[in-house]
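Coming up is one lone chain in structure tokens, specifically the form predicted alone.
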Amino acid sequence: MYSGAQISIYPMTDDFVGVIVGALSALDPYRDRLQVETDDISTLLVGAPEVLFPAMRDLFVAAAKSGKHCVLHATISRGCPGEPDDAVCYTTEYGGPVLPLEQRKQMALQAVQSAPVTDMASAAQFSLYVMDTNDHMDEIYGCIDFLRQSGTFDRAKNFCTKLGGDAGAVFATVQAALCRFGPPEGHVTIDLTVSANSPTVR
């Protein structure tokens, strides 16, 4: 099943090029397991979720460690019927029979609890879109229930949910949302914005 993300990172500084270029080395440990394509708008990362999300997390954390206000925006997708299967996307994170929703919630919670600590406080908002299923609202409500128990839940907002906490837990929460909710072989997408070092918080 094809999975990937179109990502853009925005450091709020005159030296935005230096911050971005300096952070790119964070992708090096993942490059042999990802397809990476960059143009003047975004960078496409194609790969399995257990590679994709840590790569996005580490890129974001590396940029945010500059101390500048940094924002990452990502459009994330799995199972899009318009994209071909690719071996680099092979994963055991989804696929197979549909597990009961309560079991999937518990698996999602365990994933967040075992997330690595990055020592980078972050805030995020995201929206989950479950395609091609008549029970999409059951899946979305199940995801919301998971989010409320995740330890990263901040609050519900119009059209999205706000998260907060260590970047490791935040990215693990979003990864669990993509992998555990919606049909195992279905099309699921996420719109994600993550922020660190915002002057608004100060």
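Throughout, we count residues from 1 along the sequence that is shown. Quantities reported herein were computed from a predicted structural model and do not represent experimental measurements.
Keep in mind that the form predicted in complex with a further copy of the same chain is not shown, yet the notes after this line are about it.
*Asks:* For Ser77, is any heavy atom within 4.5 Å of a further copy of the same chain in the predicted complex, or not?
*Replies:* Looking in the predicted complex, residue contacts with a further copy of the same chain include Ser77, since a heavy atom lies within 4.5 Å.
*Asks:* Classify Leu34 as contacting or not contacting a further copy of the same chain in the predicted complex by the rule of any non-hydrogen atom within 4.5 angstroms, answering yes or no.
*Replies:* Residue-level check for Leu34: no, no contact with a further copy of the same chain.
*Asks:* Contact between Lys157 and a further copy of the same chain in the predicted complex at 4.5 Å, heavy atoms?
*Replies:* Yes, Lys157 sits close enough to a further copy of the same chain in the predicted complex that at least one of its heavy atoms falls within 4.5 Å.
*Asks:* Can you work out whether Lys162 and a further copy of the same chain are in contact in the predicted complex, taking contact to mean some heavy atom pair no more than 4.5 Å apart?
*Replies:* Lys162: yes, in contact with a further copy of the same chain in the predicted complex.
*Asks:* Which one, 165-173, 22-30, 39-47, 57-65, holds residues whose non-hydrogen atoms are within 4.5 Å of a further copy of the same chain in the predicted complex?
*Replies:* The contacting stretch is 39-47.
*Asks:* Going by a further copy of the same chain in the predicted complex, which residues of 115-129 come within 4.5 Å of it through any heavy atom?
*Replies:* Stretch hits, in order: Ala123, Ala124, Gln125, Ser127, Tyr129.
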